[in-house]
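So this first bit is one chain, no partners, the form predicted on its own, shown in structure tokens.
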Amino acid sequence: MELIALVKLALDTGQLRVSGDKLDIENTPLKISDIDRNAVEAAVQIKEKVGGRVRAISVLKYGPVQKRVQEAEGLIREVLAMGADEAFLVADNALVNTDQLVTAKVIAAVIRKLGNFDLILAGEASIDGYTGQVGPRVAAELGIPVVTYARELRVDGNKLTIKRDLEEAVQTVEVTTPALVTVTREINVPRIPPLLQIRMAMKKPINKLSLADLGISLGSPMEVKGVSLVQVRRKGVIIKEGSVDDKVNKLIEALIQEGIITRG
């Protein structure tokens, strides 16, 4: 089975760098988006069960590109160590800070360049932007069915049986390949590669591509000027006077006035 895993090199939200009230994107480390690890794990498990090949695709969205490429290659080696056979990294200055539509068009161009495929797997959303748009947009670009929020996936020939997580229910759907499926964290537990797999990953190919290699020239209708942090400031109100009951009553009244709680 020809499997493709979409892997976002996301900002590491646990190591955000700040300059003033702005997020310092250029100096914030990257990491593989957590839920995309679930997508890679799902692809590798299918390969182990029915045979085939897993190819991973990443688009570098954060600059400076020249500095980030080496960092990106190191992260992609983690995916290869998990069991992917080959990786494709699209790095181009024109892609820095572009939107989800451009990302989807670039990924679709890579997939067309690769040729045949059966199943594309992606995380339901990335840990930094969390838009959940790229997977469905890639499916739209390729003209194939998309199934989102998969928590269970079974392959039987060219038929996929998928359990989708909805807000208050689990929906079971069937679809035939080729198709794109986005997965949730509940679908599996991503493996931690052993040392041997990590060493073997160093020999697997990472194919670097530019927009020129794909034969496309894209402009983004959206320009990101910067990312500001949410400012949380305490009001510093201290209730000192009165007994404990008085202080509790004053606290309750203050919370009601702020609209945090309501009277029963």
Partner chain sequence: MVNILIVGSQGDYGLVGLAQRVGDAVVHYLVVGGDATGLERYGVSKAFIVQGVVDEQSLANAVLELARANNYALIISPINKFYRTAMPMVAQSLGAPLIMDVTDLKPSGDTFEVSFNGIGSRAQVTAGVKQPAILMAPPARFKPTEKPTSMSKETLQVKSVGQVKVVSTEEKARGGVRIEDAELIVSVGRGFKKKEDLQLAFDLAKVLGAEIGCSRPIAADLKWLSEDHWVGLSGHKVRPKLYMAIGISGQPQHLAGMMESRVVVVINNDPNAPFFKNCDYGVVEDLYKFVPALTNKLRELLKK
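Positions refer to the first chain, counted from 1. Because the structure is predicted, anything quoted here is derived from the model rather than measured.
Beyond what is shown, the protein has a form predicted together with its partner chain; the following relates to that form.
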Pick from 118, 165, 78, 92: which has a non-hydrogen atom within 4.5 Å of its partner chain in the predicted complex?
165
Could you work out which of 202, 212, 195, 238 is the residue within 4.5 angstroms of its partner chain in the predicted complex, going by heavy atoms?
238
Is its partner chain in the predicted complex close enough to 19, 44 and 109 that every residue in that trio has a heavy atom within 4.5 angstroms of it?
no
What stretch, of 204-212, 45-53, 228-236, 66-74, brings heavy atoms to within 4.5 Å of its partner chain in the predicted complex?
228-236
Just to confirm, residue 98 within 4.5 Å of its partner chain in the predicted complex by heavy atoms?
no
I'd like to know if residue 9 sits close to its partner chain in the predicted complex, meaning any non-hydrogen atom pair within 4.5 angstroms.
no
Any of the heavy atoms of residue 140 lying within 4.5 Å of its partner chain in the predicted complex?
yes
Would residue 132 sit within 4.5 Å of its partner chain in the predicted complex, counting heavy atoms only?
yes
Even though the chain is shown alone, can you say which residues of 189-217 have a heavy atom within 4.5 Å of its partner chain in the predicted complex?
none
